[in-house]
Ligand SMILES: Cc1cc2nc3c(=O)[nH]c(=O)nc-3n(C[C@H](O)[C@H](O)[C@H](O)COP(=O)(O)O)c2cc1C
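Taking the form predicted on its own, here's one chain by itself in structure tokens.
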């Protein structure tokens, strides 16, 4: 195995002056067993070939011989696939990170159909001050559309849900390698200047007052058990390289921080910049406490994630990432942060967040900053939350609670990807609907504001069908309940934005609330008033023969019976369709 000896010295012309250092870096590495300090579920063995295999979507992906699957080796590999699939705009002119970058990307969410959205790779990023950055910025690459999300998952669009269910059922433990590209360059001093060299975009110029890392993975470990958490939390960047982290109440890493405070020791943390999209999908999801996001990300990819140990802490980070910020979350130092746009579609208030103190930085040469378009839906944030939470809640209801009859769970992106749930249910007994509604509302106290249960004939993803069920299968006095004790989740309808810290406030004494709606039919209904299936099928064939515009059928596209349709009326309909007079007789239907 050959080795490469590198001596790196950053010049003042493009980066802060740093102390010289020498290290040996080799690639590819050999895998080694995970250290004993890892949770038991982490092992150092490769995945079985029986694991879920991802289709090979990239000609540049490295083939895993033992599991016979292919996934992107790095973010750079994924960029090649986006470009080959015509899902990437490569912007080579200079773009200002404070005033132009995010507004340009945002226009596709406010002016293009979803099918035409792409990722943006900004190769020349500058500041309003005139400073030019060496890092490129990749935005909109994870969830600008369902098609892009599928590319990131390594599957077809219709396979996304099954891929998510499989990832939860069959996680693939990561492996530890001795070194990786993310540790190609070490920065052991002048960390504030290095952080200032990251071209973090301003998301909503004119209203946002904070620069935020929106796609950074924060890696921490439970101080008592060593259980790892990998989550996406806002990293607020201020002049002078200062960083604070938005660890809201109930977040797993916030639990780690609270335990660290009890022990009186700072919380070790690592910030991962530029991971592959499977890690973004796993880290952005709301799993039960203790689920290893690295193992879920491995299952999405169909092979184990390769990790390297941090230089300064017993934490493990993706070997193929672009940059790692190693440091500590302070127990005492807090920063007051300015407002920013949130997933509700409104500006959040000012907050006070713990400071992250950078101790060491490792990176690739010419790293790429991955940025997520967040705030007002539709956006990447709402698409990420929508798709993963649908699968997580479905799995929670079916597998964890053991509820039969649940057919689909749909979350509508218009609600920020978290607020409007529709559960398609085959009811098996009278209380089944309320069992499903209360179970869904109890899975996570901050997710979901409106929960609706619909019959099998209602497409839960189609708001037209859902509204039809709400109007004609619901009586408000009988079929609607409210539950309290909920967490508001930055909802300005729960707490007045004039109240300091409103976006994290729990309104006493009952918190916020959620609406539970039973939109199942309570008895037999007359048929759906559309032509019967056989007539619609014949008409579709005629449509095609006439070369009319292509159809995209939506449910219901034909009429069907719902239990109340006497034989006399069935015969009468058949008679009229055959140009015969209906026969009178028997019990008349008024």
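Nothing here was measured: the structure is a model prediction, and the numbers come from that model. Positions refer to the first chain, counted from 1.
What comes next is about the form predicted in complex with the ligand, which is not displayed.
Screening 516-524, 470-478, 258-266, 206-214 for residues having heavy atoms within 4.5 Å of the ligand in the predicted complex returns a single hit, 206-214. Among heavy atoms of residue 293, some come within 4.5 Å of the ligand in the predicted complex.
Using a 4.5 angstroms threshold between heavy atoms, residue 446 stays clear of the ligand in the predicted complex. Though the partner is left out of this view, residue 231 does reach within 4.5 Å of the ligand in the predicted complex, counting heavy atoms only.
Interface residue remark: residue 100 is not counted as part of the site for the ligand in the predicted complex, having no heavy atom within 4.5 Å. Here the marked residues 386, 393 and 426 all miss the ligand in the predicted complex; none has a heavy atom within 4.5 angstroms. The partner is absent here; in the predicted complex, the one residue of 246, 460, 180, 377 having a heavy atom within 4.5 Å of the ligand is 246. This chain lacks the partner; the member of 187, 284, 137, 160 within 4.5 angstroms of the ligand in the predicted complex by a non-hydrogen atom is 284. Residues of 365-382 placing a heavy atom within 4.5 Å of the ligand in the predicted complex, in sequence order: 372, 374, 381.
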